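Shown below, as structure tokens, is a lone chain in the form predicted alone; questions about how it binds or moves come after it.
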């Protein structure tokens, strides 16, 4: 079997095999340690896990497009916080005072528009300057976070609209609103990446940018669109989460970029671009949330959770490099 074929075969099923191992391990460990009377694998627990996966998951699905392109976006956490502030604060603006509950869709649209614009600005800078996306979005992360603190200092921004809370807490067919948003986003971006020219171009650009240019693909605008998409999805994640919570702290969203990137890489997307899948990323998100929940189930603290996930990311990156070494007939694992 060729290295490339083996790489794809391993990646396509590895994340789901890892999830099964997690379920088995934490179920047995929880019973053995007797730290919880509640079964780890019960249906209610799994539905809650899916809902809790939504904030990171929605952003991670967008990050997949950007990383398949060969880029990265470190500003998603700060974009998430800005969109949340716009959502909650705009509901109190005097100009919207007479709208009643119609202020909800207006505030949603404003938050989503802000996220999209911030993402597009990142993409435009990457396109027009040629500066690596890591550097551009690192600067954007610091700048956008500065805007968050400039808005309200270290004080939280709060506004609770009970109509919005009822919507956010509603369930349909047993799934919470946040879970439905995650599933719809996953299907929509999967369709974009597998069934459209834009998706095919994303893989082509990530695999060989020079060849993509020679093939007539408009690389710059394509990259800008993908950054706008992830900005939109970061804002959508904020809208979904803060519709229910009603309060955002200026530090909210910090380290989200690292959790998101970990989920995408764990799901099989090459960090150098050109390969990856939305379904794999969805699996990566579930695996990370399951790991966090499982370690908590057996009594591990937050620092232990971070250590374990960090080690797993390092192992995955090492395996990714080995599985994608070109010109090798066998793996050096």
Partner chain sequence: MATVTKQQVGNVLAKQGILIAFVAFMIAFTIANPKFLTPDNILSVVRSSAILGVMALGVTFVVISGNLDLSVGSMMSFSTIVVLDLHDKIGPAMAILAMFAMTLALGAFIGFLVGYLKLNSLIVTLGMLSAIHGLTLTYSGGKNMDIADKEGTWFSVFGQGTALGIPVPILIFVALAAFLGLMLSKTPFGRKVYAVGGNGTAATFSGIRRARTVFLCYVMSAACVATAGLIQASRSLGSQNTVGQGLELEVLAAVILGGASLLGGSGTIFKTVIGVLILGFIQNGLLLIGLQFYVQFIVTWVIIILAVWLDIAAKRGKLWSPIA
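Keep in mind that what you see is a predicted model, and the values were worked out from it rather than measured. Positions refer to the first chain, counted from 1.
Keep in mind the form predicted in complex with the partner chain is missing from the figure; the text below concerns it.
Asker: Tell me the stretch among 165-173, 105-113, 234-242, 145-153 that has any heavy atom within 4.5 angstroms of the partner chain in the predicted complex.
Answerer: Answer to the contact question: 145-153.
Asker: Three residues, 127, 261 and 307; all within 4.5 Å of the partner chain in the predicted complex via heavy atoms?
Answerer: Checking in the predicted complex: 127, 261 and 307 are all within 4.5 Å of the partner chain.
Asker: Which listed residue (288, 265, 68, 278) meets the criterion of a heavy atom within 4.5 Å of the partner chain in the predicted complex?
Answerer: Here the answer is residue option 265.
Asker: Between the options 192, 91, 120, 138, which residue brings a heavy atom to within 4.5 Å of the partner chain in the predicted complex?
Answerer: If I apply the 4.5 Å criterion carefully, the residue I get is 138.
Asker: Taking the shortest heavy atom distance, is residue 72 within 4.5 Å of the partner chain in the predicted complex?
Answerer: Close contact exists here: in the predicted complex, residue 72 approaches the partner chain to within 4.5 Å, heavy atoms only.
Asker: Is it the case that residue 317, even though its partner is missing from this view, gets within 4.5 Å of the partner chain in the predicted complex, heavy atoms only?
Answerer: Taking the distances in the predicted complex, the answer for residue 317 is yes, it comes within 4.5 Å of the partner chain.
Asker: Do residue 271 and the partner chain share at least one heavy atom pair within 4.5 Å in the predicted complex?
Answerer: Taking the distances in the predicted complex, the answer for residue 271 is yes, it comes within 4.5 Å of the partner chain.
Asker: Can residue 219 be called a contact residue for the partner chain in the predicted complex at 4.5 Å between heavy atoms?
Answerer: Judged by the heavy-atom cut-off of 4.5 Å, residue 219 is in contact with the partner chain in the predicted complex.
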